[in-house]
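Starting off, we have a lone chain in the form predicted alone, written out as structure tokens.
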């Protein structure tokens, strides 16, 4: 079992310390419980935009990256549908630098009009590069709102339209920070060769005086059950046709999540997986194909996507996918296949826990989900999945009435 200690400061900040003497490096992770699902549908992309703004400096730290690099470390961040996570890896002897810089930008970020304009240009350029200027890059701009009709997962993390970032005001950015970048909405974890009580003392020193304010009440609109399939055809200047299929699936804390995750691995994890072996290797209908799950806090998506061999008709390739899904849902897979993906999941968990960065990120996320025991339970939850569990979730997920399909056609 992973050894860690947790404490909540008076201002609501959750602090987790995980001693790990296998490395001289420590990781400081600070997760804020805010992501793209917290945005206004007409002002999307602000959570990701604010991630960029937080690297623009604070009252006492003019250059965040410079301060971290001078301590021998490096920093990064990511934004998802549900959270925004900032993390720093640096020599354990210099861990107080991380407490200093992160507490200062929680309390005193410098949000000037000039800094906002600089980051606005960066994010708009990123939007163009990721979605508009690469083959198949815009698919999530269409697939997500096809699969979700009401839930805020219906737009990508970077936003649904670049104009939302272009038109974002200084006051909107300031209001977003004031609403969500609060101690009681944050989870701090230090993992590495550190002493627990010393780290709790540092947390008190640097964060306890940051005031907290009332958080907004959040209740996300939930999707109604999908009763009929949805289809959309796009035509783009891409090398070959492609197909993108989504099915509604479970939330991250649903007990069925683990069976659904293993189901996606049976279908497309490795060269011996079903979709690769039957639709790419032995019967080359696709040049590549994969099945993944979104793993989001609220009910997510089971996604299947593939680029079709130019010699194959899109309709033939689509039908071949459904045949493979139906075979698995009818039990046409072996106990050995299940055991293989279970062993891989267990190995990935064990391997990830040998890394201080992974541990810090995982502990923050588990705390945010409200169940720190997930860190110790996940391996057994994967290993307890039975073939009957896989059959049950496959039949439930692969309901043809619940699919959303994008036919991504090449201009020929």
Partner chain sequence: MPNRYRAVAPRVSKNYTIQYPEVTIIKAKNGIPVHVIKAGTKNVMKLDVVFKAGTRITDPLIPKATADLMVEATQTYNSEKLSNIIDTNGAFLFSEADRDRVSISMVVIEKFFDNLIHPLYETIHKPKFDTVDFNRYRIKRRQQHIHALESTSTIASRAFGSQLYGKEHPYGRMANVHDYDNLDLDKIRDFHKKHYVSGGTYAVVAGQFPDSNFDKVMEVIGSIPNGSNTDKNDYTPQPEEPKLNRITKKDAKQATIRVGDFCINKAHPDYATLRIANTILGGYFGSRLMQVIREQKGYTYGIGSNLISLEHGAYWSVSGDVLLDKVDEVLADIRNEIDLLKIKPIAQSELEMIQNYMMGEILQNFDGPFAIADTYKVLTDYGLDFTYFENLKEAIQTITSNKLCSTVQQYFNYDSALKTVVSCE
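All values derive from a computational prediction rather than experimental measurement. Residue numbers count along the first chain shown, from 1.
The protein also exists as the form predicted together with the partner chain; that form is not presented, and the subsequent description refers to it.
- Shown alone here, residue 280 lies within 4.5 Å of the partner chain in the model of the complex, counting heavy atoms only.
- Among residues of the shown chain, residue 70 is one whose heavy atoms approach the partner chain to within 4.5 Å in the model of the complex.
- Although the partner is absent from this view, residue 54 stays clear of the partner chain in the model of the complex, with no non-hydrogen atom inside 4.5 angstroms.
- Although the partner is absent here, residue 362 lies well away from the partner chain in the model of the complex, with no heavy atom inside 4.5 Å.
- Contact with the partner chain in the model of the complex, defined as a heavy atom within 4.5 Å, is made by none of 221, 255 and 258.
- Between the partner chain and the residues 169, 134, 197, 213, the one pair within 4.5 Å by heavy atoms in the model of the complex involves 134.
- Between the options 119, 294, 160, 246, the residue in contact with the partner chain in the model of the complex by a heavy atom within 4.5 angstroms is 119.
- Only one segment in the set 121 to 129, 171 to 179, 142 to 150, 295 to 303 has residues whose heavy atoms sit within 4.5 Å of the partner chain in the model of the complex; it is 121 to 129.
- For the partner-free chain shown, 239, 240, 269, 270 of 239 to 270 come within 4.5 angstroms of the partner chain in the model of the complex, judged by any non-hydrogen atom.
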